[in-house]
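There is one chain below, alone, in structure tokens, taken in the form predicted on its own.
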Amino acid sequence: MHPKCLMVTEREISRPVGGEPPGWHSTGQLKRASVSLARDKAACAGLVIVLISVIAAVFAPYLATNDPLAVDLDNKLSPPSKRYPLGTDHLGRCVLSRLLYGGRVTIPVAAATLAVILLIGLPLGALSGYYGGWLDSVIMRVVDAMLAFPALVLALVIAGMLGPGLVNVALAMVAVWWVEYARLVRGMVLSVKERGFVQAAVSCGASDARVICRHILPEVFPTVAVMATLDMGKLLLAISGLSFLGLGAQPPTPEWGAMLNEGRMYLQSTWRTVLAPGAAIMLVALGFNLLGDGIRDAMDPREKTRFTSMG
């Protein structure tokens, strides 16, 4: 059979009755999910929090009122004023400026860490579930061994062995976090690869790469997207926590966890030095959690059924 005919046959066989292609890449399903997400007030609030945080971090050089590294011992631990809207820390540095610049460190590091986790966990889980056999056994034994230890404790040990620094903290988080995605994706691939449209694509001669990328991964994507959104908040907390312990960002780098560590000595006398970074961590983590819950509800089949009945 001619290759072009083979491609058409694969596409036609894998298309269900009604004309929509399988998976969340269909226009109708994406539209329904988008409308449902837009109607979720909590998810919209989470999206607003995330967008404000990202915008504030991007435009920190224009929004900051002072140099975040400038030391002014004459104004140390000063209360909020026109010059220092959130006051100063123990070295006289502007808390607001350090908070804004801290977002340029904490949020990108968490996002980059999550991206590397996905680049490792997603392919390994897909290959493990699709091919099975010895490859599946090897990958799953590694996953089981990693999951035998509490993730945060293991990350703490790895970061301690690598030494202080944000890069080492990110590597530690990647080392312990990819296993969750590999296990999740592997289980979903085992289920999806037995479905009719995947078997039809295989019978039509589609390559393994095409079957995985075109037919299987689109089915896996919604769940991975929800998990990744929720994990952004967890990664922010974990990275900030390791920085609080002195394993992450090192002075004088403005980073939210490091700011908490610097201000804890003055918690009883000047509690506002820890209030700002603590509130920033809490709000951004809350924003990602609300957004992730909204995406999960929008992509849930029961939510789709409810939306259809309302229409």
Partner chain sequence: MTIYHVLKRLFHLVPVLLVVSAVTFGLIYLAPGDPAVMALRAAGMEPDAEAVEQIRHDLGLDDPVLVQYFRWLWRTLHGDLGRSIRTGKEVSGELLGRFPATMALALAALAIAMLLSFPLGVLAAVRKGSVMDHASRVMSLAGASIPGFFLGILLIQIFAVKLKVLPVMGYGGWRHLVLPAITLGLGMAAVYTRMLRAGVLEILGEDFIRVARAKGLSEARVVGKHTIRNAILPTMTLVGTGFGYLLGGAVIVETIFVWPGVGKLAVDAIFNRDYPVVQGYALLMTLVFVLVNMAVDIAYTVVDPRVRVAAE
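Remember, predicted model here, so these are calculated numbers, not experimental data. Numbering follows the first chain given and starts at 1.
Not pictured, yet referred to below: the form predicted together with its partner chain.
- Taking the partner from the other structure, its partner chain in the predicted bound form has no heavy atom within 4.5 Å of any heavy atom of residue 31.
- Taking non-hydrogen atoms only, residue 134 never approaches its partner chain to within 4.5 angstroms in the predicted bound form.
- Residue contact with its partner chain in the predicted bound form: residue 295 places no heavy atom within 4.5 Å of it.
- Put simply, residue 92 is far from its partner chain in the predicted bound form: not one heavy atom of it is within 4.5 Å.
- For the candidate spot formed by 52, 103 and 178, no residue has a non-hydrogen atom within 4.5 angstroms of its partner chain in the predicted bound form.
- Shown alone, this chain has one stretch from 156 to 164, 201 to 209, 115 to 123, 78 to 86 that lies within 4.5 Å of its partner chain in the predicted bound form by heavy atoms: 156 to 164.
- Between its partner chain and the residues 267, 38, 70, 48, the one pair within 4.5 Å by heavy atoms in the predicted bound form involves 267.
- Although its partner chain is not shown here, in the predicted bound form the stretch 259 to 279 places heavy atoms of 260, 264, 267, 271, 274, 275, 278, 279 within 4.5 Å of it, in sequence order.
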